[in-house]
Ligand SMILES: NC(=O)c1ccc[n+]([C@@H]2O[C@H](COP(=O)([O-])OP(=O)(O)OC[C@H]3O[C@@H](n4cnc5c(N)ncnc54)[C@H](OP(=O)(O)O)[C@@H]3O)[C@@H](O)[C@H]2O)c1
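Okay, so here's just one chain, in structure tokens, the form predicted alone.
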């Protein structure tokens, strides 16, 4: 039996961990962690909307690969730091599927630079990428989720986000991610009566991170290795499951003991 047929059979058989007909939107879904999340959710039976801003070729290639494997995926270009683009993206989801069950806020540019050298333009760009985008996307999808009285919203964060501490050379990124965590907790309380959960999943240093405190993981990570995509996907599976329907406002640090 072909791999695609096996996946379809598993979904029809209702094997635990798979879904049928649900729709997931992943911002920044064309590359790296976002692409891994898209492939994973498609494999579980979600109809995946792959958001991208500039990586059109990668997004289309990913969608094609997902469809070739028996999954369902579409692409949607939008700059999620712009309200008009976000509204247009969510309108397309509504027209195409009539529902949205999962939002993964994955977009977030990184900046490592002493504060004295950060320009106002850099400040604005990092805050818009990591915080404003989360606000715009989350606010826009709420009506769709409220209609069905269910929804899962997950922010991809940053392991130290929950700590109020100095962050030399990384202060702007840190404060934007901490802001996103406060936003997640606030929306979790406001949306709980509507059956919507909001949580943050924060990786430690990913294996392919451009910037690492040390190239040797054991120098600062108690678990002795860098974070893999699979480490995050396991937590994501839990938060999207029915077992986590009562779990909201949480900050789940997946870091092997780093920054806890």
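Positions refer to the first chain, counted from 1. What you see is a predicted model; the values in this text were computed from it and never measured.
This protein has a second form, the form predicted together with the ligand, left out of what is shown; the following refers to that one.
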* Tell me, yes or no, whether residue 106 is in contact with the ligand in the predicted complex, where a contact means a heavy atom of each within 4.5 Å. => yes
* Looking in the predicted complex, any heavy atom of residue 79 within 4.5 Å of the ligand? -> yes
* **the ligand contact at residue 228 in the predicted complex, heavy atom, 4.5 Å** => no
* Look up in the predicted complex whether residue 152 has a non-hydrogen atom within 4.5 angstroms of the ligand, and give yes or no. => no
* Okay, which stretch from 61-69, 187-195, 200-208, 40-48 lines the ligand in the predicted complex, with non-hydrogen atoms inside 4.5 Å? -> 200-208
* Contact check for 135, 139 and 251 against the ligand in the predicted complex, heavy atom at 4.5 Å -> no
* Structure fact -> Those residues of 48-75 with a non-hydrogen atom no more than 4.5 Å from the ligand in the predicted complex are 51, 52, 53, 54, 55
